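As structure tokens, one chain now follows by itself in the form predicted alone.
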């Protein structure tokens, strides 16, 4: 099994997970790189993405696992051939073999930018630091089985805040991403619930890096 490290930025953030899967399947076909298929009654292309992104979120550290039929080209050539067939904003950074087992993927580092049309509220950084120092912050989480309450505090490894400009406030957070996982947008949900005066007018979110439980970069 081969693995590709890729990024999803710009307008490509509005591609859903299913659309992204179809995009990659077409790119492999157009690049003359036939994927193997699963066995059984309904064969499927052997391609998968770890930790599917929420719609609208950027990332510099997405992982694509795939398997090819026949002779495998040089990894640099493989990367370039695929990039020629992908859309703007989806770009493969590296192709390699023998990636780490996905069960060892434990943490993600994300960057959220809170935008305030009227300027950052007074003492916002101090208030956010106090808010996320609480022992518990419970917000609603939507899942396949409906809506449930999730305490996000145990799922945060660390979090920090800084004013990036007069209208933008940055949040840097390390959170658990498997068993259980924390969607970074839940941090914004906690702000809206517990400190509504700090609710932003718009939020940008980017997945910066992924790590093992020991905080080693995961590849």
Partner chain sequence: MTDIKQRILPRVQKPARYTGGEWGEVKKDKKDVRVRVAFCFPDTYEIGMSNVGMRILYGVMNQMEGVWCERVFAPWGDMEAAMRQHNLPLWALESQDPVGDFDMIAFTIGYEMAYSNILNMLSLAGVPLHARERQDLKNMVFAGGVCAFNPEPLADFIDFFSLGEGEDSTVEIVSLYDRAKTEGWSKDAFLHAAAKIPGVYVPSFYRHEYNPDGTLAAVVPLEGAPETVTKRIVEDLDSAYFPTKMIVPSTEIVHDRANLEVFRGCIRGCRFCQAGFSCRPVRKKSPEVLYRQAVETLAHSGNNEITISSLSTSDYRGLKELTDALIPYCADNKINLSVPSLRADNFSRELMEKLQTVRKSGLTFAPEAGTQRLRDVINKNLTEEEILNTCTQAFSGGWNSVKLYFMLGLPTETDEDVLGIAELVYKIIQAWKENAVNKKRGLRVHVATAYFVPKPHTPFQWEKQITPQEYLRRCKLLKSHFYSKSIEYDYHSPDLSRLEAVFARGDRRLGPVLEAAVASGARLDGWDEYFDYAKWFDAFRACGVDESFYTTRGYGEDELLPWDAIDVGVSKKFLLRERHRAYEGLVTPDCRHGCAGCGANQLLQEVACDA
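Nothing here was measured: the structure is a model prediction, and the numbers come from that model. Positions refer to the first chain, counted from 1.
What follows is about the form predicted in complex with its partner chain, which we do not show.
- With the partner omitted here, the residue from 91, 111, 127, 85 that has a non-hydrogen atom within 4.5 angstroms of its partner chain in the model of the complex is 85.
- Proximity to its partner chain in the model of the complex, defined as a heavy atom within 4.5 Å, holds among 74, 117, 135, 149 only for 117.
- Its partner chain is not shown here, but in the model of the complex it comes within 4.5 Å of a heavy atom of residue 37.
- Within 4.5 Å of some heavy atom of its partner chain in the model of the complex lies at least one heavy atom of residue 26.
- None of the heavy atoms of residue 158 is located within 4.5 Å of its partner chain in the model of the complex.
- Its partner chain is not drawn, but in the model of the complex it has a heavy atom within 4.5 Å of residue 69.
- With the partner left out here, its partner chain still marks one of 37-45, 188-196, 173-181, 150-158 in the model of the complex; by a 4.5 Å heavy atom cut-off that stretch is 37-45.
- Within 4.5 angstroms of its partner chain in the model of the complex, the stretch 185-210 places a non-hydrogen atom from each of 201, 202, 204, taken in sequence order.
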